[in-house]
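Take a look at this single chain, the form predicted alone, given in structure tokens.
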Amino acid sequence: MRLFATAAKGTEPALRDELRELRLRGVRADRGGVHFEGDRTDAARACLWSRVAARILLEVGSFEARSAEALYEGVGAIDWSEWLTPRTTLAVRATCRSSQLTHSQYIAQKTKDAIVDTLRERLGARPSVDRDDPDVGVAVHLARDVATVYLDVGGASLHERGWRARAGPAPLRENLAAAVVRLSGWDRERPLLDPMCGAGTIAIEAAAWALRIAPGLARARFGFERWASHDDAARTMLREIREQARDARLRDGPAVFASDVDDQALARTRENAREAGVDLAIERCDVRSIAPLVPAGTIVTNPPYGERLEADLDLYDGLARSLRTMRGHGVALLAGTPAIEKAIEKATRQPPAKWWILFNGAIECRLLLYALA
């Protein structure tokens, strides 16, 4: 089967490396995600283990679609009875670029029409649409007049781990936090600190990664469990890989610290860490006066940006002065404004050793990596 794992823009290299570590075949990064190949077990393993992916999509058809009629015919030529029956529900979403068809909602509507009409002709009845909780999610991507049709293997977005009981303002999505930690170069052995932890997402994702906690274990069920073709053999397969994932968890991991100046943020972090099943060293501390970790470790954080510029500039200067004392540490900052990089370079006289462009939703950010000497 041909599969595609979607990811936040800019995190494709992290997802590529992750899927290679899972020993999946044909792994190849592309715009918006990573292609790979495998059977249903491989697709289930990707859903269960990927920290960086947003969705795992199974390709079920690809064809030229320069017109609405061609799209309808191409979708109708797919045998949908393997996944849908008149008793199941579906929802269709679409994206398009550089094509004759330019309206994504129209493309989704035409795709839905082709699916239900085909099943009505074949089975005598049609499935219903459920946009909130469909049994089968269908995705259509139209690029340069070629339509590729996918099924959503995982169902709901995989960034939803099930542990974030309290998010707080402007929370970082779990899969973006996981990508930031991976791209930071952290070795999962040295201590890690997030000195502006907010809801604790970065620290929790780091601790869970180090302990080999499969992020999909808390999910009640994946999308493919609601397909018409999900039989006893598939149920046995899923039960076995879930058991393997539970057995893979480590008892001990490196020290992971989370601090913040906001008591409410610390309360959110404690509750979320408890729900996630990880132990963090959590304490109240101003980022302007964080003490160096002993031994040297890695600092990974997402400073606030875009709200009150004057206050943020003072915070960035304080952060930069504090980092100046952290010799021997690796630092990764998700910077949503150039002011953060300017403050760090002014205080440390060091430009970033490496940087990545990542997108936090619609906000273009730079993940700045420093090796403080």
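We number the residues from 1 along the sequence you see. Here the structure is a predicted model, which is why all the values come from computation and not from measurement.
From this point on, the text means the form predicted in complex with a small molecule, which you will not see here.
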Subject >> Per-stretch contact check against the small molecule in the predicted complex, the hit in 258 to 266, 128 to 136, 205 to 213, 91 to 99 (non-hydrogen atom, 4.5 angstroms) >> reply: 258 to 266
Original post:
With the partner left out of view, is P171 within 4.5 angstroms of the small molecule in the predicted complex by any non-hydrogen atom?
Top reply: yes
Original post:
Does the small molecule get within 4.5 angstroms of any non-hydrogen atom of R288 in the predicted complex?
Top reply: yes
Original post:
Heavy atoms within 4.5 Å of the small molecule in the predicted complex: does V331 have any?
Top reply: no
Original post:
With the partner left out of view, is G74 within 4.5 angstroms of the small molecule in the predicted complex by any non-hydrogen atom?
Top reply: no
Subject >> Among the candidates I299, L158, V180, A199, the residue which, in the predicted complex, approaches the small molecule to within 4.5 Å (heavy atoms) >> reply: A199
**OP:** Note which of P292, P191, P303, G253 lies within 4.5 Å of the small molecule in the predicted complex, where distance is taken over heavy atoms; exactly one does.
**Re:** P303
